[in-house]
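The data below hold one chain only, encoded as structure tokens and taken in the form predicted alone.
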Amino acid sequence: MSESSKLSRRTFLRMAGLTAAGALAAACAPTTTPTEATGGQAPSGEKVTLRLWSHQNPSFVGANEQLIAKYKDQNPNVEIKYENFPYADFITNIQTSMAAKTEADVMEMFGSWVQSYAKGGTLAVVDESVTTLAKAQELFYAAPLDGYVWEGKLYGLPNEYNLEVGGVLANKRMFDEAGLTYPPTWASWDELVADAKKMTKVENNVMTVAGFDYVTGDGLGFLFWEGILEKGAEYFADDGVHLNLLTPQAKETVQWMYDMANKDKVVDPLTFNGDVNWVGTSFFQGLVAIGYIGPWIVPEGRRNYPDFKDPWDHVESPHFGSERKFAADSGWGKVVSPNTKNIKEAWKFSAFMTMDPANHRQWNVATGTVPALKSVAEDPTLLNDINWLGPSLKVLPYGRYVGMLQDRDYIWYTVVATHITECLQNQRSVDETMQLMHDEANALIDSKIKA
């Protein structure tokens, strides 16, 4: 899958993996003999060995290690060999090992990739002894679960509801200095922009503080899909496969983003964007008053900027129209190889990680992510452990899965984020941008359909 240079959550995870402690290059080679696609299970009491693969983000590694130890305590006949890789290597490993049928028994996979792998026949269907699709639909929110469904079959179990909708980071010091109400209670985007304009700072024609930074690889996509849906349109074409990015609502949404940068001037898209001052780092350096980014960034910001002392919160963001409607990714979760020798044990372990409410919650708390399991997200005591999740938890019922984009990262980053950023930087007009995105997205979809 391709990826834009615009810094995104996936790019950030790759970069974080490069700085993680420990040399894990040796983990790139399979540590067990390639398994056969028996679909069987070890006899009762016999020692079972499972391999788990994940990317190398420190928070995710720690969460997985804790739950692996817990599972092994409860299942002494099961040995779990955990291998984690720098993000880019992780993706390459999955693709090359699947071709050779040497992949791990269980893999931590980003949910919005799952349909493409399921379509290619490289993932196992969830064992019905673990759950059925109907039961899973009762337990999980639709947005994260639907990415794991292909042609009516369930191919994995989500740990996370991935979204950047519903909340923004807000710097209390900057609100106080501007004489603004804090925490803000914006009734509209216009009110947010009005506040942002009062906190934007420019010195010698250079923006030193962005009032509202939304120019990120993930954020531009989330705002784009949300704007289209809340304005009453649909981004899929009538065939449900291609995209229609030429609706008046799509254009209005990009025009709104353009105006914030070029008319209201709450962000300089040349100085503040995913390639330069990314909101995930610039907010925690005191360079952004309001930052549009998912709640997953909070533990990363705290870890990477321990000296940042400004008081801040994750506060509710406004929306278009009378009700919230948005498209979201299917976040990280667990999938199983069809080539494992111990498919029932692999699914049992995956369900332990994702379907047990206590374990699901433990994983979310350790990683700072939003739960995909309804019972965990709806438990008010969750905010005792992740106190910044409040705005995100309120919007979860209103999201839908973004849909089968054929190549999610290419559409989201290379088509949408890159070209909208170029538009904000005045490299081309809004009309030209809409046509370019429409044409490139559908050309990609056509190439995948014909492949």
Partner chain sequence: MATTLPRKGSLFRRQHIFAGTTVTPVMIYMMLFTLLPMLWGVLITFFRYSPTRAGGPFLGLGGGNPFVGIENYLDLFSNSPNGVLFRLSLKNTLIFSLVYVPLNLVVTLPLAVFIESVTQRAKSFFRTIYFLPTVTSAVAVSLVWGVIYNPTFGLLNLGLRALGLTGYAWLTDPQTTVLGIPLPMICVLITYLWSDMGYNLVIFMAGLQGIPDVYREAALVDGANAWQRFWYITLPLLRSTLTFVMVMTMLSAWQVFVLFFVLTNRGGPSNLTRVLVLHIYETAFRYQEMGLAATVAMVLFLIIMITTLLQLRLLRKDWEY
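Just so you know, these numbers come straight off a predicted model, no measurement behind them. Positions refer to the first chain, counted from 1.
Form predicted in complex with its partner chain: not shown, discussed below.
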Is N273 near its partner chain? Define near as a heavy atom within 4.5 Å, in the model of the complex. yes
Might N64 be said to contact its partner chain in the model of the complex, defining contact as any heavy atom within 4.5 Å? no
I'd like to check something about L287: if you look in the model of the complex, is any of its heavy atoms closer than or equal to 4.5 Å to a heavy atom of its partner chain? yes
With the partner left out here, check for me: in the model of the complex, does some heavy atom of F224 sit within 4.5 Å of its partner chain? no
Using a 4.5 Å heavy atom cut-off, which stretch among 168 to 176, 119 to 127, 245 to 253, 346 to 354 contacts its partner chain in the model of the complex? 119 to 127
From the list S375, T96, N75, Q137, which entry has a heavy atom within 4.5 Å of its partner chain in the model of the complex? T96
Give me the residue from V193, V315, V149, A88 that has a heavy atom within 4.5 Å of its partner chain in the model of the complex. A88
Candidate spot T132, N359 and N387, all three in 4.5 Å heavy atom range of its partner chain in the model of the complex? no
May I ask you to list the residues of 396 to 413 that have any heavy atom within 4.5 angstroms of its partner chain in the model of the complex, in sequence order? D407, D409, Y410, Y413
